[in-house]
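Encoded as structure tokens, the following chain is the form predicted on its own, with no partner shown.
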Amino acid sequence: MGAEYDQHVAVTDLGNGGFAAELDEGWVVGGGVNGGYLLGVVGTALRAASPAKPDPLAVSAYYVSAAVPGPATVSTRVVREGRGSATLAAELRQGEQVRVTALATYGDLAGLPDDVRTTATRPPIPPLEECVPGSAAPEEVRKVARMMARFDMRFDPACVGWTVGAPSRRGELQAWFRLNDEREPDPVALLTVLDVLPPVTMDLGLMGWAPTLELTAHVRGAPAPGWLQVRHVTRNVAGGMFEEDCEVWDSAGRLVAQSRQLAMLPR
């Protein structure tokens, strides 16, 4: 049947750019279904709608209303088909309710020049065996964030003070990450990985679910097999909202995905 993640983001072609999906209850967190998982479902539908250009390069998604587990549909359309990339639009609905609307650029990462030049530095993190597993979270936390059972996450010990009421207040979280079944990362899965850590506001002492308003993702390369290193930071809380910047580094030490999202402060 394939890896659990692939089953959960699977879509069925309905024709005319439409796809059916079943949002799995295992991705619930707080008051709805995780936004990164929803982006994975949308990304899977867009990949099916653009077989010649199967990889997300940039996706900007607006979260219109909280999704719930159960049936959903994703409508897609090609805005422009270019030689090296395609501009696509998508809308995820449940009944009459729009949950996510997105605009994306897709291409073929394998066909892009391999000319990585960056001033970015991979942040230091202790080795896996020295990090704190998400499975060590209190039962009440795992009950609220059921999505934690969908992957293996090992937190940097320097970033877990919030779990015992002693947040660092630096506005930073980071962890090692791997999907269940040791499912290897790919460009579409990176869309989910960009939103799997707890809200970075927890490191500011602000606990609770933080609904995403908008998320823009950039996928910079196809990730190497193995564990991913994921880091979230925030620098500004204003107007009841905060930004959350994410970096994803692969096992080869490459920065393969970045995102910025605007979210509401925890209620």
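The structure displayed is predicted, hence computed values, not measured ones. For every residue, the number given is its place in the sequence shown, counted from 1.
Just so you know, the form predicted in complex with a further copy of the same chain exists too; it's not on screen, but the next bit is about it.
Contact annotation for Gln94: none of its heavy atoms lies within 4.5 Å of a further copy of the same chain in the predicted bound form. Taking the partner from elsewhere, Pro51 is found to have every heavy atom lying beyond 4.5 Å of a further copy of the same chain in the predicted bound form. Among heavy atoms of Leu255, some come within 4.5 Å of a further copy of the same chain in the predicted bound form.
In the predicted bound form, Arg183 stays away from a further copy of the same chain, with no heavy atom inside 4.5 Å. Only one of 68-76, 185-193, 101-109, 146-154 places residue heavy atoms within 4.5 angstroms of a further copy of the same chain in the predicted bound form, namely 101-109.
Scanning 224-253 for heavy atoms within 4.5 Å of a further copy of the same chain in the predicted bound form gives Thr234, Arg235, Asn236, Val237, Ala238, Gly239, Gly240, Met241, Phe242, Glu243, Asp245, Glu247 in sequence order.
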